[in-house]
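The chain below stands alone and is given as structure tokens, in the form predicted on its own.
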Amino acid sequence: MIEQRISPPKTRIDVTVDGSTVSVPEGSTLLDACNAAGADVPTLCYLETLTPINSCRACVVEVEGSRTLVPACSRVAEPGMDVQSDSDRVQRARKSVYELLASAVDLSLAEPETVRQMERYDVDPERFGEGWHRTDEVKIQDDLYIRDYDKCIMCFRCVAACGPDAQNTFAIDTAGRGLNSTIATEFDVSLPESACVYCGNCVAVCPTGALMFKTEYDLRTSDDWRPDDQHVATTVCSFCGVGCNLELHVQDNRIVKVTSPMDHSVTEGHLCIKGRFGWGYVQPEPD
């Protein structure tokens, strides 16, 4: 008989969030505590399947006794902490974060949650003027995905997904300094010549459309991208026996891109090249 070892339950601690006391497991972050309290805390660089990166500061909260606002996504909760998740100081900071980003990058294709938070904080994208935008042409080096650096907020989600949090390929990282910083391959070689294995996990985690499926980009360019007319069919990848779940985004009876559920126990949103891009065999090329 095989002996099963059961880990002892984690000690729970009490944290006060916006006047309400919540109990969370020891080692939880302030973001976990805020979520447990039902607080609406925005995030940009944070994703539940990736290690917190602390690059955007959209999730800052006010902690009693702390001189500065702290990032909720990575600050570990301590017993007795008193947190204000949406004080006037926090609201001003978040509004400024979004407005500064909007002055430097194009947020027109940001994920719906980001758009909702910008509306919530009455963000004025033109408050700091047009700022400094990248003028690089959209990089199209294959038929799988494109790179548009004018939409990149340097959240580093793609770097984490390509690195130790998912793929362990380490094909991309930060290059350059200051305003010229960007996400690039080693020595800025083209994608086919780099270590990229085209898993598309970087595309899946991008919150602003800086990385995008080529199929979606083509439809948007031709003004034929209609998400309201799309339906999503969930299936299991047929290429191997791992059992990855696929979400097929279908428009006009054609697959236009493939994603995977973040909460799926097998994939956690991540796929390989076959699952992400290997769906062309199910439909003929359009005339």
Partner chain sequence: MLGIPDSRWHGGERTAGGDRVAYGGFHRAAARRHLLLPALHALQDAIGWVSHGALNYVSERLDLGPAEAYGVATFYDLIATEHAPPVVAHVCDDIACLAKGASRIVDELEAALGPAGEHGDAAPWKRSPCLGQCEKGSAAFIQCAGASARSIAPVTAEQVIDIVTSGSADDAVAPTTSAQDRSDLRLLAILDDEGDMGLYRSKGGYEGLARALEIGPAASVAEVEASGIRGRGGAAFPAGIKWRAVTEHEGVKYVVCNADESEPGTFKDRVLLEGDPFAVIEGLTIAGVTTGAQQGYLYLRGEYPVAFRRLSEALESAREAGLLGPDIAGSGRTFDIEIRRGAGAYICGEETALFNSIEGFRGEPRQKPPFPTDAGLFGRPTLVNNVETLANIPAILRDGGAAYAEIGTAQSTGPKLFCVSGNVASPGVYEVEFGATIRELIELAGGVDGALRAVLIGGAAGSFVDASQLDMPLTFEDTRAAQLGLGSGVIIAFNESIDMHTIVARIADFFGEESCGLCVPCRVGTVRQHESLVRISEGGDRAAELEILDELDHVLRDASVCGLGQAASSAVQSAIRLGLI
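Positions refer to the first chain, counted from 1. Computed from a predicted structure; not experimentally measured.
The form predicted together with its partner chain exists for this protein as well; it is not shown, and the discussion that follows is about that form.
- Among L100, V115, V138, V197, the residue placing a heavy atom within 4.5 Å of its partner chain in the model of the complex is L100.
- This chain appears without its partner; in the model of the complex, the one residue of Q84, T185, Q167, T215 with a heavy atom within 4.5 Å of its partner chain is T185.
- If you check its partner chain in the model of the complex, you find no heavy atom from any of A210, F277 and G280 within 4.5 Å.
- In summary, the region of this chain contacting its partner chain in the model of the complex, judged by heavy atoms within 4.5 Å and restricted to 30-38, 51-59, 242-250, 256-264, corresponds to 51-59.
- In the model of the complex, its partner chain sits beyond 4.5 Å of every heavy atom of K151.
- Taking the partner from the other structure, its partner chain in the model of the complex has a heavy atom within 4.5 Å of a heavy atom of S96.
- For the chain shown alone, Y121 is not a contact residue for its partner chain in the model of the complex, no non-hydrogen atom being within 4.5 angstroms.
- Using a 4.5 angstroms limit between non-hydrogen atoms, G129 touches its partner chain in the model of the complex.
- Residues of 149-188 placing a heavy atom within 4.5 Å of its partner chain in the model of the complex, in sequence order: I153, M154, F156, F170, A171, I172, D173, T174, A175, G176, R177, G178, L179, S181, A184, T185, E186, F187, D188.
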